[in-house]
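As a starting point, one isolated chain is supplied in structure tokens, in the form predicted on its own.
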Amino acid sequence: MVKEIERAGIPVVHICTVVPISQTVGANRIVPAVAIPHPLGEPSQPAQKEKEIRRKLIDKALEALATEISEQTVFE
């Protein structure tokens, strides 16, 4: 689905827990997530720390979205 959305001219960022799978399915902009059960957070952390983790991931995804690329790119 990612490839079809991008083919329509809309850039997509794939936030994922298993980067090789995202690469295999053809995602172009890949941002590694935290963990499989909680990709966008860490519930064991205090609320403020979890908010920082989530904000960092979203900021990285927005950076990836705004970056021109010519091949698959993982944004660490």
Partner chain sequence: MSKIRVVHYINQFFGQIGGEEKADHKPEAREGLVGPGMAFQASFKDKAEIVGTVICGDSYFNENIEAATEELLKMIEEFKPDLFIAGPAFNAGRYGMACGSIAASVKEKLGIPVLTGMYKENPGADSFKSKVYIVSTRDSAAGMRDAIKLMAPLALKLALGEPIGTADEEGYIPTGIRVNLFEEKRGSERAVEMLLKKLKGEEYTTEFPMPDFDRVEPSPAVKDITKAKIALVTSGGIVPKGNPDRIESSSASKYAKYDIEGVEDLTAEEYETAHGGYDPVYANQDADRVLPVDVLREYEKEGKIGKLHRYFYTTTGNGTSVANSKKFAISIAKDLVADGVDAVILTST
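Remember, predicted model here, so these are calculated numbers, not experimental data. Numbering follows the first chain given and starts at 1.
A second form of this protein, the form predicted together with the partner chain, is not displayed here; the remarks below concern that form.
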Given that the partner chain is not shown alongside this chain, does Glu76 nevertheless sit within 4.5 Å of it in the predicted complex, heavy atom to heavy atom? no
Examine Gly41 and determine whether its closest non-hydrogen atom to the partner chain in the predicted complex is within 4.5 angstroms. yes
Contact label in the predicted complex: Lys49 to the partner chain, heavy atom within 4.5 Å: no
